[in-house]
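This document starts with one chain, in the form predicted alone, laid out as structure tokens.
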Amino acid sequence: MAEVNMEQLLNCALCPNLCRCECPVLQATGREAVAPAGKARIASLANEGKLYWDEVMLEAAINCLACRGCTIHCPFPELNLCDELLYSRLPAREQGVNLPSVEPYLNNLRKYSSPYGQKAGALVTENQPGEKAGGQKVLFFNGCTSLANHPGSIEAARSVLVRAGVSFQMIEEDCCGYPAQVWGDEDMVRQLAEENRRKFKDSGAELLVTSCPECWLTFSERYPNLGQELPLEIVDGPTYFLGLIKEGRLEPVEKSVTEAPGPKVVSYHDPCIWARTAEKTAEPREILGAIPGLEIKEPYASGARTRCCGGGSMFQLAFPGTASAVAGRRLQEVPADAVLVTACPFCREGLLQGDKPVWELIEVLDRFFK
């Protein structure tokens, strides 16, 4: 089990709480217990044995989107409150305390290796285009949210990779395991990590590409912390697809977007992990900027100061009402005449409210590049 950094946790617990204006959960609920400092106080007292985990305390401590919005105004640059809260609440499950709302999803993970339940079937693909192929053999990992809720993005990724002449494969996927870690089941995390490592090794791929930020972070950082470092390079989707454009393997369509079906004005929503952890804010905008005639309008908060969609850390499953409120607040910051584009399956799902369309970046690539 990862150890809690009590010094950093107390720094947050005793801070004047400058981050409160950026915490989406606090803004949506108004509950002091779920403010960053409130959660840090609960966690620090539990770690010191001055407070015992019960369902009420656990519910407050798990009310975190792991969006890292609290870092924007934080005076402690080394503090990662999201991880400290996660490590702090792991003993709760060992003590028999859990959150009833997440148990059905944990049961799905145990039975189907997906929090969403039985998978639709093996979406297995292998493309070996021969002389047009170049570079490393790619394993494209879709992630369980896309598999369960948006197969259109999978078809778009398949289409773009084939068009670019990439030697790639898609395998029968299991969840990366991060949801189990969020919900306190460390044994399941290790089990899924071991199984994924085996599958990735057996694939023979040299490069793993994923458009899911949570999967990317899990494979890049969380697996090594579990002693399950993967035997291949890991690259985020925006960086990889921008590389294909720069190599000339994907080219914008010749006609302007004004002549083609699809969005004419877009606003790019930065997923929290891509923006604040991976620092991938320029790449998606370069992709969009390469499309002739496409107008880009920024939302109120963008780049590293982006605001959460409400879907981080599987929050939309555990707390759907709060997640919807967080998403509604974010949608108010998007230009009214723009189609929202994002590079995260969780963000797309969370921001789909009302009749306003939300496109994933891979769908834009599929529509406007040849």
Partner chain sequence: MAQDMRTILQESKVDRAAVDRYAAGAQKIVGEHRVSARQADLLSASRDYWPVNSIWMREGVFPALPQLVVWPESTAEVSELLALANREKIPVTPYGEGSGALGGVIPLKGGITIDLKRMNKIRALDEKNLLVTVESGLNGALYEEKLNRAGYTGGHFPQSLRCSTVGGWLSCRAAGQFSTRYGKIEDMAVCLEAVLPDGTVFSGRSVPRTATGPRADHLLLGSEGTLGIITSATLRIWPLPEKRHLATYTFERLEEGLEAIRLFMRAGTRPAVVRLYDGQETGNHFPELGDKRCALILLIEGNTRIVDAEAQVIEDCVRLKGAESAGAEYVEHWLEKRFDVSVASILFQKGAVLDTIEVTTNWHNAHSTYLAMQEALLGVEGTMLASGHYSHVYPEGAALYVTAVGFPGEDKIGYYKKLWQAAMPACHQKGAAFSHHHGVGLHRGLWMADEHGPGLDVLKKIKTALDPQGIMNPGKLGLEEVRTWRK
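The structure displayed is predicted, hence computed values, not measured ones. Residue numbers count along the first chain shown, from 1.
We do not show the form predicted in complex with the partner chain, though everything after this point is about it.
Trainee: Picking from 241-249, 267-275, 94-102, 67-75, which part of the chain touches the partner chain in the model of the complex when contact means heavy atoms within 4.5 Å?
Mentor: Careful reading of the contacts points to 67-75.
Trainee: Does any part of L45 reach within 4.5 Å of the partner chain in the model of the complex? Heavy atoms only, please.
Mentor: Result yes; L45 sits at the interface with the partner chain in the model of the complex.
Trainee: Just checking whether M57 would be counted as a contact of the partner chain in the model of the complex - the rule being heavy atoms within 4.5 angstroms.
Mentor: M57 belongs to the contact set for the partner chain.
Trainee: Is there a non-hydrogen atom of S302 within 4.5 angstroms of a non-hydrogen atom of the partner chain in the model of the complex?
Mentor: Close contact is absent here: in the model of the complex, S302 is far from the partner chain, nothing within 4.5 Å, heavy atoms only.
Trainee: Would you check, heavy atoms only and a 4.5 Å threshold, whether S324 touches the partner chain in the model of the complex?
Mentor: Answer no; every heavy atom of S324 is more than 4.5 Å from the partner chain in the model of the complex.
Trainee: Does the partner chain, in the model of the complex, lie within 4.5 angstroms of each residue among D187, E229 and R367, using heavy atoms as the measure?
Mentor: No, the whole trio is out of contact, none within 4.5 Å by any heavy atom.
Trainee: Name the single residue among M314, A28, A338, V341 that comes within 4.5 Å of the partner chain in the model of the complex, judging by heavy atoms.
Mentor: So the residue touching the partner chain in the model of the complex, by this definition, is A28.
Trainee: Which of the residues spanning 10-36 lie within 4.5 Å of the partner chain in the model of the complex, based on heavy atoms?
Mentor: In sequence order, L10, N11, A13, L14, C15, P16, N17, L18, R20, C21, L26, Q27, A28, T29, G30, R31, E32, A33 come within 4.5 Å of the partner.
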